[in-house]
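Consider the single chain below, provided in structure tokens and representing the form predicted alone.
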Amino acid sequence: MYELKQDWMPPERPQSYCLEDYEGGAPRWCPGCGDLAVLSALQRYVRDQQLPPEKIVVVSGIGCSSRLPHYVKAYGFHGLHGRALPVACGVRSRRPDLHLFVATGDGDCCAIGTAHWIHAIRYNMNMTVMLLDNNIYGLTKMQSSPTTGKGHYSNTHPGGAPLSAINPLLTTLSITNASFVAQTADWNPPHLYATLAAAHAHKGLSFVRVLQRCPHFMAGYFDELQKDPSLVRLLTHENGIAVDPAVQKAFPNRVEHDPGDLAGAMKFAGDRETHPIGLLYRNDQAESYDTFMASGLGTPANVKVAAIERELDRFTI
């Protein structure tokens, strides 16, 4: 008679994830939308890294780009307008084990969410923030956003946007404790992928601005950059974004830039003639709020209650 041993356990088999394991609902973005390229790069990256879907969380606010959590088969939080970053900080504070990605748009991050943007950069909690910047409010049908260029026509400014646009790169670089600032473009998939990979590998808040095409309300806005690569300045360095030499050849305007040089980063970010692509700044020594917020994790409930009671007893009359 045969029987199983009492201590027998089935052998563990290595889990292998394919791209379909990260694909959520069918994207409802317009054909040609740059958000599709970001979604594809993110899904390919987590597949290549074999990140368990149950260990991934994608947080967003409101806007076209903020629909991204619906299309990734992982945990997601589609929150309020401008509130993606405080939600993400809350997730990080309690779950340091998760891989945390944030999708936000130029309106979501740079308008109603500005205060949260500034403080999230200062907190430098470990997460990858993707600013999908199409320079327009697409979800509300072509209203000027904070990054809409001066003089550009929109439904809210039919005579042209009256003010100069905010520069998300310069703003982020100027915030205390910024630790990773990069820029890429949705129409260059290899560079987009490499940038997300470097951002995720960074310990701290990595801020990635993605120049993102909106074919419906901002049609042709980036055509000039696509047709004339010399208008793009590719930042290269051994500590920067690693891309294949074949990709580098697509950018005749290349410059060596040490991402540890903050003043140099601000110079490239503020350049009005060319658009920098690559890693502008990285500081691996920047302080992180993670350690402080994660204190007490794993403490049993009875110990927490006892500590609270001791604290309250100090004020007993």
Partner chain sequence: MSVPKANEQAGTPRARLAQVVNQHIVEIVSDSGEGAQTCGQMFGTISAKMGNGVWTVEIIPAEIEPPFRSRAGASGNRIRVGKGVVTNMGDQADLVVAFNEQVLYSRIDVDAIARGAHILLESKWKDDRSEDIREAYAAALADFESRGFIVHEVPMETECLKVVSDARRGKNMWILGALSAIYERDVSLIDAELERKFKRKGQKVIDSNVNLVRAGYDWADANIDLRYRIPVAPTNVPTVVMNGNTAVGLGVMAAGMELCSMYPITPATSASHYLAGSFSKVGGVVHQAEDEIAAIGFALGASYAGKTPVTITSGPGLALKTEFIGFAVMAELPIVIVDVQRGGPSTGLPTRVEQGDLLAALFAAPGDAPKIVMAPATIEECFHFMVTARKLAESFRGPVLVLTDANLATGQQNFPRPEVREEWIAPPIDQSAWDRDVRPYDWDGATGLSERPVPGQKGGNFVLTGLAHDENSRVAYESAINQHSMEARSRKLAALRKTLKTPDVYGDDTGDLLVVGWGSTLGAIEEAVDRLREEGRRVSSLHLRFLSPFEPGLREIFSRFKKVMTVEINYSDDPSFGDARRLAQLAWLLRSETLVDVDCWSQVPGTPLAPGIIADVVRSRLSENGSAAAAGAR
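Throughout, rigid core stands for the largest set of C-alpha atoms superposing within 1.5 Å between the two forms. Residue numbers count along the first chain shown, from 1. Just so you know, these numbers come straight off a predicted model, no measurement behind them.
Not pictured, yet referred to below: the form predicted together with its partner chain.
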task = Verify the contact flag for residue 142: yes if a non-hydrogen atom of it lies within 4.5 Å of a non-hydrogen atom of its partner chain in the predicted complex, no if not.
result = no
request  = Examine residue 16 and determine whether its closest non-hydrogen atom to its partner chain in the predicted complex is within 4.5 angstroms.
outcome  = no
message = Is it the case that residue 115, even though its partner is missing from this view, gets within 4.5 Å of its partner chain in the predicted complex, heavy atoms only?
response = yes
query = Does residue 39 make contact with its partner chain in the predicted complex, using a 4.5 Å heavy atom cut-off?
reply = no
query = Where, among 207-215, 142-150, 86-94, 172-180, do residues come within 4.5 Å of its partner chain in the predicted complex by heavy atom distance?
reply = 86-94
ask   = Only one of 80, 166, 163, 201 has a non-hydrogen atom within 4.5 angstroms of its partner chain in the predicted complex; which is it?
value = 80
ask   = Using a 4.5 Å heavy atom cut-off, are 20, 242 and 262 all in contact with its partner chain in the predicted complex?
value = no
request  = Note that its partner chain is not shown here; using its position in the predicted complex, name the residues of 203-240 with a heavy atom within 4.5 Å of it, in sequence order.
outcome  = none
message = With both forms fitted on the core, check whether the Cα of residue 309 differs by 2 Å or more between the shown form and the other one.
response = yes
